[in-house]
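Okay, here we've got a single chain as structure tokens, the form predicted on its own, with questions on binding and movement later.
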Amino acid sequence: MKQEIITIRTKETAARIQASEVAAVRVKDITKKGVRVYRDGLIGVAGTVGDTPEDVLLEQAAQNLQAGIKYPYPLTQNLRDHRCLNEAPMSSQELLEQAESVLNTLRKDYPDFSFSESIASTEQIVQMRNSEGLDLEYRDAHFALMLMLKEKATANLFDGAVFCLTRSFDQEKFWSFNRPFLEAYRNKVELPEGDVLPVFMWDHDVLLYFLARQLHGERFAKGSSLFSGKLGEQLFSEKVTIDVNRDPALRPMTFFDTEGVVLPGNRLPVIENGRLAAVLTDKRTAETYGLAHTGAASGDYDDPPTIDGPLGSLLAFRADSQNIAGVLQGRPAILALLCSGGDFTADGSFATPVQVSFLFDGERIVGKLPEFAVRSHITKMLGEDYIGTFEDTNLYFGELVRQVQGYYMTIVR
């Protein structure tokens, strides 16, 4: 009987912020362990939170073979890969010192604003090993500052946000960007004229999750994806390349999927130069539908591997452009910071309200814009209206938030 063991340990210190003060501190240290056993083409799974002995979990998993869950696929074998992305994680004491320092500056220099939400540091270790010679380990730690901003003079629930996601918090970099950023909140400006304007977004999760649904291997094979039957066809601009990207240097996530698959070079293109090159598959989906295997298995530590998890987090655009100001050539643009309540329809149409945004010249954030909405379509956003995906811009939201993406979009005033 073959065996596989997944262990996840998460340590977190989180300071809850209210009215620009530390209101509470939560410290947690949680270990989760999942065990899978394989016999006669079946899989049995057991899991626990805490330090339950492995032999107990193995016995439970063996009993769960009776559920008859089929898994006749070869296990990943003879692979050892240990990676540590942060050798100096922030201690709980350091986290509180950094939080108090940031809040002191905010209270002193920006008394017209109130800040709330959280400042946290997280350490994670994920290990996966099996009886076939698989031995994977991912260690990482990051600092996450997410503060909702409220102008004291308004009755709004919030008026903006300040955030930073990084492995090593650099206050000098943080303030060199956020001082002019906070000043821009104080400068209220009007939307530029025009029905179609360049809009830049730092958060394109909604776009990636829509693309992931269309790139889902089973949906693609059964004809329910917008991309069904279009393998090899030109879908978007030649500038657009989207990878299954498991490089943990880009964001805090494991470099392997839940079947222990490690991609060569950490990535594999699914959209390459605008063409549909592959879709998202795990071992079952690839074999069942005769598709290329792209290492996209997901699922919790105590579940069988699946293709039905949050696959958008696996996708990443390759940077294809530089110098936003050079592209704009003096034209005014919009930097959308918070867009809540929008989505894509089944046919690819997109619309979202934009609650917080700024007038932007490609280098400098000029002032805060009133609320409005935007609309477009997936084929236009990544086709004729696609401006580009930029890295290393003058915007600084932390080393783990490095990309800004731009499109020409219809403005709904």
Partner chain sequence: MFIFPQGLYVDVRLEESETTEIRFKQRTLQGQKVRRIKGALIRVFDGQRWYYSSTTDLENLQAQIDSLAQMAAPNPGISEHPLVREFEVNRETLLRYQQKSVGDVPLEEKKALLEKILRKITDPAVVNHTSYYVDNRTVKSFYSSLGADLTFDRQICGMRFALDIVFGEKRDQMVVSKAATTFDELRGFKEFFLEEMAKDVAYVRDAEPVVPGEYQVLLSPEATGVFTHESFGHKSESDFMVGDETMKAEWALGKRIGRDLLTIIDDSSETGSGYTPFDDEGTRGRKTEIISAGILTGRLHSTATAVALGEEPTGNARAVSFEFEPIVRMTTTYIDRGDRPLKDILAEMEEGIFVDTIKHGSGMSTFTLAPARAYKIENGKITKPLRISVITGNVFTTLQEVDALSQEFRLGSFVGGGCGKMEQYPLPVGFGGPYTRVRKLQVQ
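None of these values were measured; they are calculated from a predicted model. Numbering follows the first chain given and starts at 1.
In what follows, reference is made to the form predicted together with the partner chain, a form of this protein that is not presented.
Proximity to the partner chain in the model of the complex, defined as a heavy atom within 4.5 Å, holds among Lys222, Arg331, Lys188, Lys108 only for Lys222.
Residue in contact with the partner chain in the model of the complex (any heavy atom within 4.5 Å), chosen from Asp343, Glu233, Glu287, Glu183: Asp343. Remark: none of the three candidate residues (Leu75, Gly326 and Ser357) comes within 4.5 Å of the partner chain in the model of the complex, counting heavy atoms only.
In the model of the complex, the partner chain lies farther than 4.5 Å from every heavy atom of Asp40. In the model of the complex, no heavy atom of Arg9 sits within 4.5 Å of the partner chain. Within this chain, Pro252 is remote from the site of the partner chain in the model of the complex, having no heavy atom within 4.5 Å.
In the model of the complex, Lys32 approaches the partner chain with a heavy atom inside 4.5 Å.
Of the candidate stretches 314 to 322, 167 to 175, 254 to 262, 294 to 302, only 294 to 302 contains residues with a heavy atom within 4.5 Å of the partner chain in the model of the complex. Residues Met148, Lys150, Lys152, Ala153, Thr154, Ala155, Asn156, Leu157, Phe158 of 142 to 165 are found to place at least one heavy atom within 4.5 Å of the partner chain in the model of the complex.
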